[in-house]
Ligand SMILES: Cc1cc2nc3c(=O)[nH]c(=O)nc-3n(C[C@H](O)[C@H](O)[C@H](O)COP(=O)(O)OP(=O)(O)OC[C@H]3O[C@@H](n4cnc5c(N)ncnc54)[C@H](O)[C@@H]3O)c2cc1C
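Quick setup: one chain, the form predicted on its own, written in structure tokens, and binding and motion questions come after.
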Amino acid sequence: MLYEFRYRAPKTASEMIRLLDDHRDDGKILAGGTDLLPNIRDGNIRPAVVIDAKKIQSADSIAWSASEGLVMGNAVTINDVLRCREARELFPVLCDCARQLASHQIRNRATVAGNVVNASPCADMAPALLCLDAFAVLESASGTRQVPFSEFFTGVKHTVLKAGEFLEKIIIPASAAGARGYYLKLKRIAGHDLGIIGVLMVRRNNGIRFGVSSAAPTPVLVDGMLDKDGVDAAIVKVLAAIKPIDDIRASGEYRAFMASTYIRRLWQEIK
């Protein structure tokens, strides 16, 4: 479907804020475009203005410091994360989730910020950001605010982002460095298919956490567990926190069964 819109590419955050303030009702942000452009093509959304976030200075920067942690601009792609030495060495669970996202070609375009702002229940980057206590830095004409990802998702395709606000960067605190874990994702086919269920298990600070995708209206964080609690107790707690549904890809019952199966596998694998 052909559809005309105006294109703007701000060079600074202040220019981005001004454009978003002017187009609160009819503007959309372009990050990687892997969701936005197909939705425009299919006629699901019809923005008057598309505002490209990739041209902002340092938007594609990914940097580590012992004081601040891992800081990712809103144009950092999934493959940028996988190419980052500090991300691979200090935050391997982030990279485990990144490798499961779509195909190599899509990962060249898709951004971490776009993946979470799109707020799909099956967002692959969300489990890692939840388990690592990451937070979003949001900018608007009203100022800057920081929102932990545990509070970021509010429903299917909905977040705490307000009109005129954009996600400027994502920060994973230095205190989360070295967390051990692994992400298991079930797909209908090998390769880049959307997830039927995804489970990330992380061992950190003598505790155990799970990040679960495709099992509730939002990605889910389940924490507060210890080794001594045992795998059966962990399964009970995770199943109580998720709300898997029946859809074209799988039944809710099958999703719950596979979540339990993955928790058992992860419990044995991540020592």
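Note that residue numbering follows the sequence shown and begins at 1. The model shown is predicted, which means the values in this text are computed figures rather than measured ones.
Below, we refer to the form predicted together with this ligand, which is not included among the displayed structures.
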Q: Identify which of Ala102, Ala177, Ala141, Val160 has a heavy atom within 4.5 Å of this ligand in the model of the complex; exactly one of them does.
A: Ala102
**Q.** Listed residue (Val147, Leu82, Val71, Leu194) with a non-hydrogen atom within 4.5 angstroms of this ligand in the model of the complex
**A.** Leu194
Q | Contact stretch among 128-136, 82-90, 164-172, 196-204 - heavy atom within 4.5 Å of this ligand in the model of the complex | A | 164-172
Q: May I ask you to state whether Val212 is within 4.5 Å of this ligand in the model of the complex, using heavy atom distances?
A: no
Q: Answer yes if any heavy atom of Pro244 is within 4.5 Å of a heavy atom of this ligand in the model of the complex; otherwise answer no.
A: no
Q) Is there any non-hydrogen atom of Leu30 lying within 4.5 Å of this ligand in the model of the complex? A) yes
Q. If you check in the model of the complex, is Thr218 within 4.5 Å of this ligand, heavy atoms only?
A. no
Q) If we check this ligand in the model of the complex, which of the residues in 105-138 reach within 4.5 angstroms of it by a non-hydrogen atom? A) Ile106, Arg109, Ala110, Thr111, Ala113, Gly114, Asn115, Val117, Asn118, Cys122, Ala123, Asp124
